[in-house]
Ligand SMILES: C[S@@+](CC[C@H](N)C(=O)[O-])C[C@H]1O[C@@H](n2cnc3c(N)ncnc32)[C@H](O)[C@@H]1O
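Take a look at this single chain in structure tokens; it is the form predicted alone.
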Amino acid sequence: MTAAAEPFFQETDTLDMSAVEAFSQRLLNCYNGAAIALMISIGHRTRLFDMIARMDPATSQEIADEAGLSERYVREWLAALTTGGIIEHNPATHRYWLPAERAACLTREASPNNLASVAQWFAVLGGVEDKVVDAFRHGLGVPYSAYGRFHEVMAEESGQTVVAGLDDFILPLVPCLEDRLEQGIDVADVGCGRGKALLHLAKRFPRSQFTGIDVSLEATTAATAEAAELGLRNITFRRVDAAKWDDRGAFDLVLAFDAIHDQPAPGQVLENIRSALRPTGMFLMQDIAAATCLHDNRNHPVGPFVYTISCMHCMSVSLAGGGPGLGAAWGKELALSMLEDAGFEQIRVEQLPHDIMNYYYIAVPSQEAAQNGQAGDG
């Protein structure tokens, strides 16, 4: 008869109960934060934050009437965000208001500092929880098609982060790039989504030609419709799997905004990007600012958010396509290695002071890769 194994966990009477209580309070704070995030998402989508920020202190009925919404729902929403420290309430008059310091982070007028739009991701990702739980068992991932409102929310995020920073921060990372765009060059955006960044560039630089590629028909159709509405003749959107993209030597600049790490074949996509560039071309890639080693991300300012988004979407959609599931936090070290393997050199990594989420990689095709590409074209 063998001796009983020692218990892995400490006996209850040896637990540090003050540590247990502190951790349980931390969990309660997490759950309150999650509840507030869901209410913030609803406040953004219903434009309640925008409405209340412009109003004098008002009753729930006055707010509902102004917004054209149900008073009972508005009242409960106000209660959640009053107890959550977002909305202020006068118990004597039953009037509510949004302090200006909070409106500066929660309204569309505050863009690109509107953090309310980010809260939408929790609802989008929560909608596929059952499928992700199943994926934990079968390991095959969840496809893009399962994510409702993904392209809508991603387009809004692109408008706030990429588009808002293009002129003042992102384009200046590359010396003389704006001058070249003014003169006229060929530009592609890989994983363009609804094309917000490319549409902005096409309007600003009419002498340049722009091509957006994305695997989503929904996204490219919406982008094409917006380009037509804006009367832009120097932009085209194509539904293309970036892993099968075979344009060679056609572009002076290729962009990829937050699009590489969730590809089913990221290495092949990077090789295709390099092949699509002319020998003097350049690749500008924005991707999540993280280290490849988890240990080095322990103090990341939004580490739990990055890994959660990755588990619920980025990693999963790559696995669903038979890919490696790099995840959002694939990290700078792996990204640099993969860029080099794809035939890039002179790789420079920049981080913008206002953007805690992303690194910006600037790279050019290696001379050897460019010569091999030209020989292959011949």
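This is a predicted model, so every value here is computed, not measured. In case it trips you up, residue 1 is the first one in the sequence shown, and so on.
Unshown form predicted together with the ligand; subsequent notes refer to it.
Every member of the trio Met154, Gly193 and Asp258 reaches the ligand in the model of the complex with some non-hydrogen atom inside 4.5 Å. Scanning Ala242, Met285, Leu81, Ala276 against the ligand in the model of the complex with a 4.5 Å heavy atom cut-off leaves one residue, Ala242. With the partner removed from view, the residue among Ser158, Asn297, Asn234, Ser117 that has a non-hydrogen atom within 4.5 Å of the ligand in the model of the complex turns out to be Ser158. Only one of 214-222, 101-109, 175-183, 88-96 lies within 4.5 Å of the ligand in the model of the complex by heavy atoms, and it is 214-222. Among heavy atoms of Asn272, none comes within 4.5 Å of the ligand in the model of the complex. In the model of the complex, the ligand stays beyond 4.5 Å of every heavy atom belonging to Tyr307. Mapping the unseen interface onto this chain, Tyr144 counts among the residues with a heavy atom inside 4.5 Å of the ligand in the model of the complex.
In the model of the complex, the ligand sits within 4.5 Å of a heavy atom of Phe150.
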